[in-house]
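Okay, here we've got a single chain as structure tokens, the form predicted on its own, with questions on binding and movement later.
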């Protein structure tokens, strides 16, 4: 396999997992368990932690397209820097090599590439499983996000409210989370949105929910929020654009695709809810009517 900068180490591992030996899979699972921190030690320390030999670590690095372990770890360090970069650092890095084309074209190219790379790496079976889960009216669905991603969480929540009952939007403030966790039951679903500069509060919430037997669906970036450690279903989506901020376009695309599939899956119930909702809107005179 040829190494590509367009792919993270985690993506390379997932794509190559079936080709790895039993010992290499053991090592791969260790790296993914607390990614990317778990890959930052010496080759000896990583080998010992995963219960394999140092040559196994070097061999897996070569299988993933790196000349050896040092090159793989260097790539991992670059990823770690990327995940903790603040908006000013990101802007300055982009400005150094910015092309001469108009920002509209630069941005469009980046978004389209994000879409291509994300779709290429999403298993349709993962998508279908999440649709089935969220279509199950017997499961309560709890939704939350971070400082920025809470906006997407609210968007998803608002549309899901129309489709089915049993929805809860969790406030972004951690001081109220115990109240929400109190009402979570085994088999419920927690949908979490968390991208780089991952938020400690979301990780803690996911840990608490997981402890109560809640199934977690995570929307994150190509590097992967630590929430993934507790999640049963994770969408790794590309977010980089020529901006100090990250892009939500691919995440929003995935949300809307899920909403469309869930709506189709539950149309008999959804149609009735929509009809009732329109009658309520008419009574409130929320929308302008044209006669």
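We call the rigid core the largest set of C-alpha positions that still match within 1.5 Å between the two forms. Positions refer to the first chain, counted from 1. For clarity, every value in this text was computed on a predicted model and none was experimentally measured.
Here the subject shifts to the form predicted together with the DNA, a form of this protein not shown in this document.
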property: Single option in 259, 239, 32, 58 placed near the DNA in the predicted complex, where near means a heavy atom within 4.5 Å; result: 58
property: Contacting member of 231, 28, 255, 52, with respect to the DNA in the predicted complex [4.5 Å, heavy atom]; result: 52
property: Heavy atom of residue 249 within 4.5 Å of the DNA in the predicted complex; result: no
property: 4.5 Å heavy atom contact, residue 70 and the DNA in the predicted complex; result: yes
property: Heavy atom of residue 10 within 4.5 Å of the DNA in the predicted complex; result: no
property: Residue contact check: residue 42 to the DNA in the predicted complex, 4.5 Å heavy atom; result: yes
property: Residues in 12-32 close to the DNA in the predicted complex, defined by a heavy atom within 4.5 Å, in order; result: 21, 22, 23, 24
property: Rigid core fit then residue 60 CA moved by 2 Å or more between the shown form and the other one; result: yes
property: Displaced residue check between the shown form and the other one: residue 228, CA, 2 Å or over, core reference; result: no
property: Core-superposed comparison between the shown form and the other one, residue 72 Cα displacement 2 Å or beyond; result: yes
